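A single chain, nothing else alongside it, follows as structure tokens in the form predicted alone.
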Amino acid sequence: MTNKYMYFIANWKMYGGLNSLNSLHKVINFLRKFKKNNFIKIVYCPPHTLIRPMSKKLKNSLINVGAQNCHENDNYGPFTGSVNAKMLKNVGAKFVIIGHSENRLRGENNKLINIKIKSALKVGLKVILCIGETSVEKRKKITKQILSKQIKLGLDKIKNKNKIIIAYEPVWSIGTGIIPKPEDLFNTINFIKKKFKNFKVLYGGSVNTKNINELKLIDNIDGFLIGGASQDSKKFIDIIKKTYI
């Protein structure tokens, strides 16, 4: 059982319509009644289309809303299909996920991620910076080098780091059902915290109702970035409850 302040970030990815918002009342009611709610920080990161209606629905709750990505340009411009940090803030987002491996695989590099982080911080958004190694990099035993590079370049010349949370998401774990061995995960989180001081470090990658009992025992983790399981309110609540039992 933990009495630690923990983040639970729900990354809905490209799922959800307006009907999906009906399930939020279960999480709102749970959090109101849960005795340890003062140790919990919940952030929902839905698709851009749901940020505004979700913000309205969660207005009087203890839950925040974030976005899954943003364009790097500070101002409005001719970028068809894109949404920048200013626009996200305007519709109610308080957080934004930047550097998720799915976006890195589509071409986002550390330099672009750095620009996006600066843009998000400039308008007052808090940033969840995702880092992680691929299966090939893991086999080559260069995980620490990869993570160091992603953090160092991603946060280059950024001063207000207190608005940034790091989410360690091994690429080989996302969507596979496989999670790191407890000792390996503890050591990786410990490495990040020692090398880059004063950061909250979350774990993401196939977090579910079954493996949360194992993950919660790794006491240097500050919370979880949850994908598929966060789309089901019952499973999401179960993950939170099991973390504190």
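Sequential numbering from 1, following the sequence displayed. The model shown is predicted, which means the values in this text are computed figures rather than measured ones.
This next part talks about the form predicted together with ligand PGA, which is not shown.
Between ligand PGA and the residues 87, 123, 158, 174, the one pair within 4.5 Å by heavy atoms in the model of the complex involves 174. Note on the partner interface in the model of the complex: the residue among 202, 207, 65, 70 having a heavy atom within 4.5 angstroms of ligand PGA is 207.
Of the heavy atoms in residue 16, none are within 4.5 Å of ligand PGA in the model of the complex. For residue 169, a non-hydrogen atom is located within 4.5 Å of ligand PGA in the model of the complex, even though that partner is not displayed. Ligand PGA is not drawn, but in the model of the complex it has no heavy atom within 4.5 Å of residue 74. Though the partner is left out of this view, residue 108 does not reach within 4.5 Å of ligand PGA in the model of the complex, counting heavy atoms only. Residues from 78-114 that approach ligand PGA in the model of the complex with a non-hydrogen atom closer than or equal to 4.5 Å are 100, 102, in the order they occur in the chain.
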